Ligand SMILES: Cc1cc2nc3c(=O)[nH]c(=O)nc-3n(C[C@H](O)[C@H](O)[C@H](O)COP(=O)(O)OP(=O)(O)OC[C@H]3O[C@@H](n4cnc5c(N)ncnc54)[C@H](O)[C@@H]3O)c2cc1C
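First, one chain by itself in structure tokens, the form predicted on its own.
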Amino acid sequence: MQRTISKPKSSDFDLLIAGGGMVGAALACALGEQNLRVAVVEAQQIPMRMPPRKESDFEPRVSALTQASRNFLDNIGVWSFISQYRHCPFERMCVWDAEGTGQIAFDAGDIGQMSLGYIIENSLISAGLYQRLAELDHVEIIAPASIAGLSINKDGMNLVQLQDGSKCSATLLVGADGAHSKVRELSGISIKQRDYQQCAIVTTVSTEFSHQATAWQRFLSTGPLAFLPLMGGSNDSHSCSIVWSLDTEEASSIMALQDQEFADALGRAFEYRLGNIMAVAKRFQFPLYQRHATTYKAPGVALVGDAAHTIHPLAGQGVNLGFLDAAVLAEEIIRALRRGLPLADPSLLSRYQRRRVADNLLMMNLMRGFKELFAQTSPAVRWARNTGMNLMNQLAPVKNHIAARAMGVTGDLPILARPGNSQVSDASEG
């Protein structure tokens, strides 16, 4: 793994990416073989290797990657690393209403796929990205370091000051530095924020029955409860990552329970679909917000991932939207290079924004609508909701079309999110 440094070896870059999380690192991988000087500034120390873990020891934070995200990681030379380690393809998805009989079941075979998606620990995705970055001579990693100031020099370049006082310049600065983005703040970009007044509880559990390579989600009036399948050692199929969305006060009460009390409460909330909860790992809690930047661009600046938008986790689309941001921005940068345009060219940034804002807003509004729909408890709404779910489950063409779009199998995808569009050179593959 590439050695990380606290001060940049260079001071002038074509592209500086603030934030070396999954989305920022993926963008660097996507552009690492272009004729660009790229730097990734990351606040945390980058691990030199995969952290050792027991077969039953899962990281609490996982991602449900769509096929489009898998294609993207494959095309930028990362999936081959991830696939060597534990990851769980899921073949089915079952969604049902806690307040009635409404249920929808999706099956990968119905849309001509081997799986609907992949449940993967975030640390594994990050390790694969940094393994790839270590192979790219044009990418410099500056870590641990963070951006403290931003100005424009006389040549119109971004002049970035790091917290240790060192400075560097960049034609294009990308904010991939999360929901509380410093780049967004320094660029004067405002956000619209909605506090759901809810928290998500995440942990790993062991269930009495096999998860059946199925992603399960029960919609309660307080929010969704998801059981995401994990694959442990010896093809163990009894481990699941859970995401339980609850009103903040109720979440605090649930978090205060002893492990067995929590397991019992979780089993009841899930209607014992997978039997009793046999074991519970350490629990974590984080607040839920919807955020959306009023613009994804400023002169010489672009925002991607959580710096541009955050979404309710009920459909697991957060990092997938971020990867699509990275894929589109990389595509537009490559397009500009081929046309001889500078990276800060307004047309490049406008095209990126135009291609991503509408899709992200659509997904955000859909998730908000789902949450509010299932929060309704009136008998009339409940009846209509359950009737609609059961009707949709019977309309195979419509249901399969929705599944294919949600999983990134169809739709207007960026080139790097389509199968077989690798940016990896023959030399690096060897």
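Numbers follow the displayed sequence, beginning with 1. A quick note: this is a predicted structure, and the numbers were derived from the prediction, not measured.
What follows is about the form predicted in complex with the named molecule, which we do not show.
A.B. asks: So in the model of the complex, is the named molecule close enough to residue 33 to count as touching (4.5 Å, heavy atoms)?
C.D. replies: Taking the distances in the model of the complex, the answer for residue 33 is no, it never comes within 4.5 Å of the named molecule.
A.B. asks: Look up in the model of the complex whether residue 116 has a non-hydrogen atom within 4.5 angstroms of the named molecule, and give yes or no.
C.D. replies: No, residue 116 stays farther than 4.5 Å from the named molecule in the model of the complex.
A.B. asks: I'd like to know if residue 317 sits close to the named molecule in the model of the complex, meaning any non-hydrogen atom pair within 4.5 angstroms.
C.D. replies: Yes, residue 317 sits close enough to the named molecule in the model of the complex that at least one of its heavy atoms falls within 4.5 Å.
A.B. asks: Within 4.5 Å, heavy atoms only: does residue 19 come near the named molecule in the model of the complex?
C.D. replies: Yes - in the model of the complex, heavy atoms of residue 19 and the named molecule come within 4.5 Å of each other.
A.B. asks: With the distance limit set at 4.5 angstroms and only heavy atoms considered, check whether 41, 176 and 202 all reach the named molecule in the model of the complex.
C.D. replies: The answer is yes: all three residues contact the partner (heavy atom, 4.5 Å cut-off).
A.B. asks: Exactly one of 349, 243, 251, 280 has a non-hydrogen atom within 4.5 Å of the named molecule in the model of the complex; which residue is it?
C.D. replies: Here the answer is residue option 243.
A.B. asks: Can you work out which of 300, 313, 102, 267 has a heavy atom no more than 4.5 Å from the named molecule in the model of the complex?
C.D. replies: Only one option qualifies, and that one is 313.
A.B. asks: Look at the stretches 71 to 79, 139 to 147, 252 to 260, 91 to 99 and give the one with heavy atoms within 4.5 Å of the named molecule in the model of the complex.
C.D. replies: Of the stretches listed, the one contacting the partner is 139 to 147.
A.B. asks: Enumerate the residues of 64 to 94 that have a non-hydrogen atom within 4.5 Å of the named molecule in the model of the complex, in sequence order, or give none.
C.D. replies: Residue within 4.5 Å: 64 only.
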